[in-house]
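First, one chain by itself in structure tokens, the form predicted on its own.
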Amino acid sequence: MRALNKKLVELFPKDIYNSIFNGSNELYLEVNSREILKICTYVDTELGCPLVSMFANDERQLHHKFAVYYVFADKNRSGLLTLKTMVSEEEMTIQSICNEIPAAALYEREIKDLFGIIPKGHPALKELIFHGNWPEGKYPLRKDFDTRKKVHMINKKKEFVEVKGEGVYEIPVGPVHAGIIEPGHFRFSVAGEPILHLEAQLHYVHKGIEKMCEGESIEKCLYISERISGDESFTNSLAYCQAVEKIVGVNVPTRAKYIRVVFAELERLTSHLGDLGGICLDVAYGFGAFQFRAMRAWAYLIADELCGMRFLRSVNRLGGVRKDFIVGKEKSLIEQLNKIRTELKDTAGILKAHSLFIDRVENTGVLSAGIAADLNAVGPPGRASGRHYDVRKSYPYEAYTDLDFDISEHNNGDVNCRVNVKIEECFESIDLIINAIEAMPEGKVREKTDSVEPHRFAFGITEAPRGENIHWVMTGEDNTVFRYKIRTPSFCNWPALCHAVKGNIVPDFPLINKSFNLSYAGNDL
């Protein structure tokens, strides 16, 4: 990262004010806000470092200004490059970068809603978090926003993109859906049967998690992180733990690192098996649906045997894990995992030989490689569209550095490729768990964490079942959290889904949606 810093300082000597190295893989550069577009574009296009997160922070207590952070992934160096610009209360504007870097579009809208910082030049600056009922001039993530006072809602019409033309009509779906899924509104513009445009309105279950964590203890925020999204409890809490552990400087015991790998892969296995069952159900292939559901139930039995909680909560602790969950259970776990592997191999073979199933998933919901790259599509959807990227390889953490595994890679970007990625990752997860159990050394599973210095910060990054998961923590006074920024994989992949459905017919939307399996709760923070 020092070589990268030297290069950028030489290229932009007048526009880079300060450099901060945070550990071995985090570089923060404070830059001239008027040149942010030029610098960001260079980092994205010339250096090949995609934008992976962007957020604001109310730092008036520290610097009498707001700050905006632009986070880029330097995958070749396993590093994170963060450009920071300061925004005064009098100005409250930044230069939009989304015309050059499309992935920035949602981040800039989020910053505008939550902080009131306007991205000048944004082509479609409509509300993202709010739905037309939020009053003007109220910005929840400013430090002076009082959560104890009731906000009086207003009535304002919500605008949607209107596609015009002969024979074009709209189909509104949601926000309330059949079943138990969370709310989301989808506005289809259709000509005949093909979908011309899809606009998704989310954030109906916006919970204010980032605001909720302000001023709370480091320990309490760990429990909040586990409840961001029910089926990614472990990897969310792990990303939070990584950030705090980096700030504190604690070395997690080796055995705890292996235990964390076991739980992370178990979470991935249960998630993918559920997705595969849902895809089979959406094409009316009952046999496949029931097979994958049975295997998922077996995986839940493993979770129950390990920690008594299928959502894998209260496993992580700062400095390691709560207790040694593996000891004495090794033989039973390996036997159960081999049982799932055998059943999965047989079921996958039958599935791929079923011509009616293949006919429904091939060339359906194609996400092109170009759009996947522009929007920073992550996880299985990204890997199905030719993006050979996995945090466990590019930013190895815990015991992944000592374990061998392959990254799935497909290029057609359709439902079939996303199915194949998830099947392959299920096999890899089983192998990783077994290898971790067999290679796990003896020893303690938790290192004590001391008090945390205020106003220090760090990233935690994990590969959740849905993909790249990035958490940023800045500490406050008395072992509290000053700012907690959460960017789950669903935030990146929802816009990608809207592109993938174009040209398909409306009845295929549930199938395409399930192949992405995006989280409402993980998006609507």
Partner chain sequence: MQILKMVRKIIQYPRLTQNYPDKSRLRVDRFVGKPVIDISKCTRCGECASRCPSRAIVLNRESNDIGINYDECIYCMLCEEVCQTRAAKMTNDFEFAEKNRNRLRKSPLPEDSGVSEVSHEELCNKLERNIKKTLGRSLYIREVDSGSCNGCDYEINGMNNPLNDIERFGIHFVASPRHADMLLVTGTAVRNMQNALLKTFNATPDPKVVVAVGACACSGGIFRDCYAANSGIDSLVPVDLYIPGCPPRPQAIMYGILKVLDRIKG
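Only a predicted model underlies this, so the values are computations on that prediction, with no experimental measurement involved. Residue numbers count along the first chain shown, from 1.
The same protein has a further form, the form predicted together with the partner chain, not shown here; the description that follows concerns it.
**Student:** Could you tell me which one of 370, 454, 443, 175 places a heavy atom within 4.5 Å of the partner chain in the predicted bound form?
**Tutor:** None of the others qualify; the residue that does is 175.
**Student:** Out of 228, 426, 111, 375, which one falls within 4.5 Å of the partner chain in the predicted bound form, going by heavy atoms?
**Tutor:** Exactly one listed residue reaches within 4.5 Å, namely 228.
**Student:** Sort through 257-265, 96-104, 133-141, 81-89 and report the only stretch with a non-hydrogen atom within 4.5 Å of the partner chain in the predicted bound form.
**Tutor:** This holds for exactly one stretch, 133-141.
**Student:** Taking heavy atoms and a 4.5 Å cut-off, does residue 190 contact the partner chain in the predicted bound form?
**Tutor:** Residue 190: no contact with the partner chain in the predicted bound form.
**Student:** Heavy atom to heavy atom, is residue 389 within 4.5 Å of the partner chain in the predicted bound form?
**Tutor:** Residue 389: no, not in contact with the partner chain in the predicted bound form.
**Student:** Could you confirm whether residue 290 comes within 4.5 Å of the partner chain in the predicted bound form, counting heavy atoms only?
**Tutor:** Residue 290: contacts the partner chain in the predicted bound form.
**Student:** Test of understanding: in the predicted bound form, would residue 164 fall inside 4.5 Å of the partner chain by heavy atoms?
**Tutor:** Residue 164: no contact with the partner chain in the predicted bound form.
**Student:** Within 4.5 Å of the partner chain in the predicted bound form - does that hold for a heavy atom of every one of 57, 218 and 439?
**Tutor:** No, because 57, 218 and 439 lack any heavy atom that approaches the partner chain to within 4.5 Å in the predicted bound form.
**Student:** Taking the partner chain in the predicted bound form, which residues of 206-225 have any heavy atom within 4.5 Å of it?
**Tutor:** In sequence order, 206, 207, 208, 209, 211, 212, 219, 220, 223, 224 come within 4.5 Å of the partner.
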